[in-house]
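Okay, so here's just one chain, in structure tokens, the form predicted on its own.
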């Protein structure tokens, strides 16, 4: 029919009509009666035990319906267990009568409310019947001549095109989508986060060194060498090259002293700090190692200038793989350095940052981090889950971390971080992180995912 319509041999008008039909269960009830009526009919004058009633195929549904209609009652104190008795002499099976009306084609006699109640019980369904009214078209013929779809050089040379019938162009038809690359959902969300940081005046930090020394990853952050995060079950260590050797020696000595002896108003950790531990190369466990390098570089300037840094890149941890954890993931980090910054400034900038993400309900909970004090976990109210969920971590960098770098004493640095994978999974409705990253990724998902827009 479509081919005849396209060449105007016929014209077709779509007509549709609706009517009500009984479901399989509805047909059974029209023949045998409703579940509640059959339950009523199954109860003899002396009553029936509830357990025996429930063994009937219609017992469970019919019992609740008959109870709500007050046709039956249950005597829970009866000898031998709960027993069901009739409360009325006779009943009128209105459900069956309504279904019989529909079966006979008299559904118009029922009110919409009654139809919807039967539909809710899955006894009735509304069926739409589509049909086409076909008439002769403007080019009607009893024979079909194939129309040409393209004009060839041979037709032009021979002049045969004059006798040919050409298929009219359909200017409304969609063109063939060109094959091209598509951004991964993770990268789409990353682009949005990056744009938010840039709008807030932040500068992106260089994060192209996945391999980092333990010194910059842990020691420079005032994280002790016996900390559990530095064990092999949490961190990936490199075997070749196993050690790093290029460190600012004066800074390394100040870090060693604040760890082992204390200083800058701190008593330190009071242990024998070993340069051999600091030299070990690892896959970085957080991008805060990059922040440490950038803050040290800032401290070497002749005159301090306030800065706002951010980074979004991969980090690596020796995690057990499951639906929410991978051995590598992306960390989003923001860092602000200025004179006199307080916890209030951190809360304010977090409110501004998360508001741009469309998250306005925030709570802060005290937490512990080795290199920030005070520290806070950030929670947001999830409207879908109807509860508060953790969305990030934050804090003020400790003096034991900043002062050995050479930063002025009145300079404070506030920072916060969150993962990129969690908001991406929420945005695109992905429940298993392995369906977002790794060999199980469905490439069609990458092709079909819409542009990421984080509504503020």
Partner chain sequence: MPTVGVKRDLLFTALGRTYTDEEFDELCFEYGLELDEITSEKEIISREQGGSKASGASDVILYKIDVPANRYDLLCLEGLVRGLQVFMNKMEAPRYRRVRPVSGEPQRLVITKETAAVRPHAVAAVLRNITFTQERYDSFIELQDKLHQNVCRKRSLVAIGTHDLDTISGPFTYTAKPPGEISFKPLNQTKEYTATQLMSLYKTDSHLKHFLHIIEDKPVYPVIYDSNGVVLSMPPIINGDHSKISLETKNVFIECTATDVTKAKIVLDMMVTMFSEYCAQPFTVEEAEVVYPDGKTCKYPELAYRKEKLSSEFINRKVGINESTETLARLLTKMCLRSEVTGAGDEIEVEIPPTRSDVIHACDIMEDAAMAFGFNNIPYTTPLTYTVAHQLPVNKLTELLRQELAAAGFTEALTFALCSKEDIADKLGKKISETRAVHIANPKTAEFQVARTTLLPGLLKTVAANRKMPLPLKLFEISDVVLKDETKDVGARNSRRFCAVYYNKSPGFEVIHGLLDRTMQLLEEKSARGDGYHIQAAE
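Residue numbers count along the first chain shown, from 1. Keep in mind the model is a prediction, meaning the values are calculated, not measured. Here, rigid core means the biggest group of C-alpha atoms that superpose within 1.5 Å across both forms.
Omitted from view is the form predicted in complex with its partner chain, to which the following refers.
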Using heavy atoms only and a 4.5 Å cut-off, determine which of 151, 88, 129, 327 is in contact with its partner chain in the predicted complex.
-> 327
Could you tell me which one of 303, 162, 386, 245 places a heavy atom within 4.5 Å of its partner chain in the predicted complex?
-> 245
Does residue 440 reach its partner chain in the predicted complex, with heavy atoms at most 4.5 Å apart?
-> yes
Contact flag, residue 368 vs its partner chain in the predicted complex, heavy atom cut 4.5 Å = yes
Contact between residue 256 and its partner chain in the predicted complex at 4.5 Å, heavy atoms?
-> no
Give a yes/no on whether residue 180 approaches its partner chain to within 4.5 Å in the predicted complex, heavy atoms considered.
-> yes
Given its partner chain in the predicted complex, answer whether the residues 64, 104 and 425 all have a heavy atom inside 4.5 Å of it.
-> no
Quick one: find which of 77-85, 108-116, 169-177, 349-357 has residues within 4.5 Å of its partner chain in the predicted complex by heavy atom distance.
-> 349-357
With both forms fit on the core, is the shift of the CA atom of residue 179 between the shown form and the other one 2 Å or larger?
-> yes
